[in-house]
Each structure stands twice: as C-alpha cells, then as structure tokens.
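Here's a solo chain for you in structure tokens, the form predicted alone.
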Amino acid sequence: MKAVILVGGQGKRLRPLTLGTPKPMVPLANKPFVSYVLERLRNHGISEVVFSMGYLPDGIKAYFGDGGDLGLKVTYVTEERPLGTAGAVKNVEEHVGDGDFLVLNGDILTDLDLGSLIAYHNEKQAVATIALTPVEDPTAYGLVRTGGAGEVLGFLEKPSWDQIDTNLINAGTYVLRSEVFDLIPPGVEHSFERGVFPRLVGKGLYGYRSDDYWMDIGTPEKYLQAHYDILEKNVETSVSDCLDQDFVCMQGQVHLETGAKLVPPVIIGEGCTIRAGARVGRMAIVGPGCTIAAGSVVEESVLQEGCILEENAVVRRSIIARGASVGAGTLVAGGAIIGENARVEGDNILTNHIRVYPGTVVREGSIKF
C-alpha cells in the first residue's frame, strides 16, 4: 500500500513561523513535523510515499531527498495552483496506481494505529474509510454521523449545540480504493469533505473511530500544546525514548554550566550552551545551537534552532523562531511569537500574542505590551 501526504497548504494560521518555512517543516521537538508522519508510516509497513505539495516545496525535497535515510521511497508532485484535498490527490494519481492507498493530512500529530485502520477498511470491504476522532467541543468542527455498523450516514458542518448528536470528526486520515479517483475531476479544486465523501454515503463509506492521540498543529496554541504532549508522553513519538525516567532529553552534546538548572520535562538540542544561573523548564524545548545566558528563564516555550537569550531574558509560553535573539532583561510571554532571525533588543515587554515578523529589529525599550 502507498500513502499520499497532503502538504500543499500555506499554514497561514501559524504565521510568522510559516512565512519562510513550509508548515510540514516547522520543527516539532527539534525535528520537522512531517518526519513524524513518515516515521509512523514506515513503522506500519508503508514503504512508498507521495508528497502532494504546493507552498514552498523545495525545502521538503531538500530535506528528505529520495527517502532512503528513513527506509522509504519518496516521490514529490507539486500542484501549479491550489487544488483542494481531493484535487491534490487526483493530481498524483499516476504515482499511486491501482489498489487501496492511504491519504494523510500533513499537519496532524497522532499515534493512530494505521494497521487497525487498514484492517477495518478491509473487513468492511469499504470503498473509503475515514478515521474519526472524538472532540470536546463539537461546535468548532464538521461532524460525521455513523450507523451501528460504522457506515457513514451523513455530515454536519459546525453545528449549534441543539443540533449535535455525535462528537466524532474527520481525523484527516483515509483509506481509499483507487476507484475513488473516478469521482474527482482533474485539474480543478475539489475537496474530499464537501465533494467526494457526501457522494459515497450509502455506497461503501465507513468511519473508523479511534481514541488515539490526535492534534491539528495549525495554530500557535496547538503547536505549543503538541510540544507539551510530547514532553509529557501523551503521544507516542520517536522522541519518547529520549525522555527517560527523569524526563530530560539531551539530543546530543550540550554545554551545561555548573549552576544552570533544568526543570523537567525538557528537551535540549545538540550544541546548546546554558550558562550558570539560567533556568530551563518546566515544559521547554530548546533547539540545536541555542545559547541561554545567565539569569535567563525559559518556561512552557519553544526555542527553535540557533536562538540567543541574553542575560535575564525571560520567555514564557511563547515561541522563538530559528536564529532569533532576545536582549537582556526582555520579557516574551503570553503566546508571543518572535520570527526567524528577528532581533528583540533589551528592556522590552512582548506579551498578548504579539507577533514579530522575520528579520525585524525591535529597538531597546521600544515595546511594553
């Protein structure tokens, strides 16, 4: 069985993290997010993967190449214009061929048991099987109604509370027969959710309910939460083994000065320097090659590769993108994002979900927000 991974979106909700980096390549616990999708496919016996790409495709190609390092065969297809979820799959039809195949959204972190999903699909002799996951607030999603045998009965888009009779949503992973290609017009925008699946109701469309971990990382809040869940081992990933009994993961050689404090759970990337008097954690991820100066604090935050915190800088529940720096005595908190290679000089206060775009220089003492 082959798998198609949909990675064509621009990741607008994650900006500025995705202005220069495609969303699938945004680091999660210091690895490109989509690498977890590839690892999960490989671990379930899938050996051939097709990336259906759109926005900033070159970075994905350059990183994964032919897939050999992961034990996979990887093919890349780039759409000339946005084609929607189904249109993007139609665009790679020649690389999929006959037989059943998997489709996965490239922005979902999950430990869904793909083997069980495929077995269920085969047992039902389904034309298409949608993985379903329960959610706490069904009003924020489109819902999928199913019958007693798992057959999909219909769909309900973002209902009010008095309309709700299920809490199951489309989890963004499908098993499809190749005959589904016949339902998708070529070269035009078309979606599974609105264009294909409603036409299959009563014609072999099934839903597979899973209570496995599931998270759409498409917003800064969900991106942070995904890191917290990895740190607390709420989701099984390739990083889990590194977080041993003390929940401190060193991903290589780290220069930790005497007097520096790590508060687990934490992940520290290779080549980091953490000076005496600095405190990292709880719930912190520090990317490779970062420098954290004396007196600095990092809590519930993500620092991507090559970040610099000067003395007494504080970062709480925020994201510092690759190559950015935070000056002495500056506070970054409350969901703030500092973009790639930005420079926030000393004595600033950046909170309340403020965004600093890539390459921006925030002069000393100029923001108290």
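Just so it is clear, the structure is predicted and the values come from calculations on it, not from any experiment. The first residue of the sequence shown is number 1, and the count goes up from there.
Keep in mind that the form predicted together with ligand GTP is missing from the display, and what follows is about it.
Think of it this way: in the predicted complex, ligand GTP has a heavy atom of just one of 324, 332, 53, 50 within 4.5 Å, and the residue is 53.
Only one of the listed residues (205, 131, 284, 88) places a non-hydrogen atom within 4.5 angstroms of ligand GTP in the predicted complex, and that residue is 88. Contact annotation for the candidate site: 227, 288 and 305 all lie away from ligand GTP in the predicted complex (no heavy atom within 4.5 Å).
Contact check for residue 351: no non-hydrogen atom falls within 4.5 Å of ligand GTP in the predicted complex. Among heavy atoms of residue 84, some come within 4.5 Å of ligand GTP in the predicted complex. In the predicted complex, at least one heavy atom of residue 106 sits within 4.5 Å of a heavy atom of ligand GTP. The closest heavy atom approach of residue 360 to ligand GTP in the predicted complex falls outside 4.5 Å. With the partner left out here, ligand GTP still marks one of 178 to 186, 74 to 82, 291 to 299, 140 to 148 in the predicted complex; by a 4.5 Å heavy atom cut-off that stretch is 74 to 82.
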